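A lone chain, given as structure tokens: the form predicted on its own.
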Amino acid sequence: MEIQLWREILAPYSQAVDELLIKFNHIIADYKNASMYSPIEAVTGRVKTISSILDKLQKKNIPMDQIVEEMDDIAGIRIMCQFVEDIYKVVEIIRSREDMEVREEKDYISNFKASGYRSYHMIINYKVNTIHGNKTIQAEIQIRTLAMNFWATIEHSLQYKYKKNIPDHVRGKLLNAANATVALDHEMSQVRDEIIDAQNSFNIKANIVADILNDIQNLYKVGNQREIAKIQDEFYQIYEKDDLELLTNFSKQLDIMAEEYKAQSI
């Protein structure tokens, strides 16, 4: 197959990955802007390399002219979560979206592989608008905890090194490591509520501080600069006390002041 033809085949997949990354990152941002805990910690994406596609075609005996129909993981999205419970929340988010049609699901967490591999896989149909018109492609979404992803990344590297024939003694160590990640995820789930509370408090504080600094910046443009400088000093003093209630009250008072300056300027 000519290089140019490969580019034409893979271009919509690249577009899909770019768009899906933006959408999932917006989900993270929406949660944080609302001072809520996000079940998605991070997201990455990739388009399968031509060499990987050729390897799979050979392994699965897929004809070259059936790549699009038979391969469902050319476009790949990987979503990382902090806790196992978050994985199933993300699954529900994806199921509920109108721009992603779920075709297939495989739960390798409840039914993990003999190697120790754990992950939740979803195959979706996703529509992209190209210069050649609308095109619906398949994309694979893998949803894992950070611990699962660490293990899977190492295992993938070893599969590549040993050409999928990992020695038994290495497989044994991998299985032990997989069991350790299961234990780690379990222990983290035991303190999940405390961790989420701490992270929510951090996000709430970060949003309040951002609002305060935005108000101060706007007041500098319309108010008495000496007075605004005093307000800024007061903010620093309150911030050093690390008291969320004081910070919240200060932000409300600043909002009122900002609105008064707006009214005066009309």
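The numbering used is simple: start at 1 and walk along the sequence shown. No experiment lies behind these values; they were computed from the predicted model shown.
What comes next is about the form predicted in complex with a small molecule, which does not appear here.
Figure note: of the listed segments 193 to 201, 43 to 51, 23 to 31, 227 to 235, the one touching the small molecule in the predicted complex, with heavy atoms no more than 4.5 Å away, is 43 to 51. The shortest heavy atom separation between Lys113 and the small molecule in the predicted complex is within 4.5 Å. Of the heavy atoms in Lys161, none are within 4.5 Å of the small molecule in the predicted complex.
Remark: Glu101 does not count among the residues lining the small molecule in the predicted complex, judged by a heavy atom distance of 4.5 Å or less.
Although the partner is absent here, Glu155 is a contact residue: one of its heavy atoms lies within 4.5 angstroms of the small molecule in the predicted complex.
The candidate spot formed by Asp73, Arg78 and Tyr108 lies fully in contact with the small molecule in the predicted complex, as each residue has a heavy atom within 4.5 Å of it.
Exactly one listed residue, out of Gln82, Thr181, Gln138, Gln142, brings a non-hydrogen atom to within 4.5 Å of the small molecule in the predicted complex: Gln142.
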